[in-house]
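Here you get one chain, nothing else, as structure tokens; it is the form predicted on its own.
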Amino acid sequence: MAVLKTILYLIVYPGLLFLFVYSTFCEWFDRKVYARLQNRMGPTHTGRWGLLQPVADFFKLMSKEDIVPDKADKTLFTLLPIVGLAIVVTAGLLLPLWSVSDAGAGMVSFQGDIIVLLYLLSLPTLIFFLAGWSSTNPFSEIGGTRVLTMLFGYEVPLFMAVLSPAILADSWRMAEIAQFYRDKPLLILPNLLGFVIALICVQAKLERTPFDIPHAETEIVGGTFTEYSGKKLAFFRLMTDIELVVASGLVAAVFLGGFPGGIGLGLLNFILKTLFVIFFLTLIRAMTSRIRVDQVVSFSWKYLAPLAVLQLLIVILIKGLIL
């Protein structure tokens, strides 16, 4: 029975099947809100309200011809989409999708899981860099270099912003951090600055406008993914969608009180709070235009990093003087 339960967790919920269904829904939500903010309709024809358009796009890519460039590192070129998808799915299993009072507080929960999740969310950046580099296409190599350059800008502010609520909660376990802020909701307020910083950094991590420099179509065709097609491109797109869900879940878990309740109510809370985070990410995307990679690094170190340090000082003072 325990083995069957584990298999269901891995395959159905909160595993691969759930992440596939919900991540494609989040892509639809993102595209629909983005379109409405630009006075467009967005997806409309495939399924009711266009709900099935991301699923149709995925299976259409799966049926396309899969081409590997002659000069590419064929082993690396082929394995990277699969490895990247496995990484983000593993990261999704760490999210505390139901209450800490329930057994396990999700599929996997332990002291330090927030550090592991942040680490796993850093690995897709390396995957994208290697994907561009292994393609041996000049546009892909430029895109891969931009991916890695941006990492040095947003990663430190993101870590400081996300770990600030953990310091105040005196725990490195996401379920306990969420429980702390549900018990003391007023202490969410000192973390608002960190919430804003985390949103901007997640936008950069996901390479969404204005941080879509690594795959700027008007400059470098498709950047990292220029040479990818068929199944490999489908896996990369699915990987990006799941990364959006996991990153939004992380922000919601540590800044918005997590997902209280059992599996059913926890799932409802998870959906509502992640869509709330994704709405703000879409709003940033709609309100901004692409900037240069040097501007990303400069902005991160001149503004985001000092603000993240200020956030840390605020929570340390509150912890020392009040708690």
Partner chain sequence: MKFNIPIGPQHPALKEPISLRMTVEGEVIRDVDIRLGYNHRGLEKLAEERSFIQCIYLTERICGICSHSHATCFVQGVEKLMEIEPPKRGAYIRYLVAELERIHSHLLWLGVAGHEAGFDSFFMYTWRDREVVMDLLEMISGNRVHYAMNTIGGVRRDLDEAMVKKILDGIQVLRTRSEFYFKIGANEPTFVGRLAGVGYLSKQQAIDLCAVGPTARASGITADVRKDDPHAVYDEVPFDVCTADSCDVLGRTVVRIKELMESYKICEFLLKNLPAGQIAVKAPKRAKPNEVVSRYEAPRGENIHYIKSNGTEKPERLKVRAPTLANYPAAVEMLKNGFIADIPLIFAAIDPCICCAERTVELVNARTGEDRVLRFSQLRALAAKRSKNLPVQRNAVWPF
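Remember, predicted model here, so these are calculated numbers, not experimental data. Positions refer to the first chain, counted from 1.
Although it is not shown, the form predicted together with the partner chain is what the next lines describe.
Stretch 59-67 is the contacting one of 59-67, 43-51, 272-280, 259-267, since its residues have non-hydrogen atoms within 4.5 Å of the partner chain in the predicted complex. Within 4.5 Å of the partner chain in the predicted complex, a heavy atom is found for none of 111, 171 and 312. Checking 233, 85, 252, 142 against the partner chain in the predicted complex, a heavy atom within 4.5 Å turns up for just one residue: 142. Looking at residue 31, you'd find every heavy atom of it more than 4.5 angstroms from the partner chain in the predicted complex.
Residue 73 falls outside the set of residues with a heavy atom inside 4.5 Å of the partner chain in the predicted complex.
The closest heavy atom approach of residue 185 to the partner chain in the predicted complex falls outside 4.5 Å. Residue contact with the partner chain in the predicted complex: residue 122 places no heavy atom within 4.5 Å of it. Residues of 219-242 placing a heavy atom within 4.5 Å of the partner chain in the predicted complex, in sequence order: 219, 220, 221.
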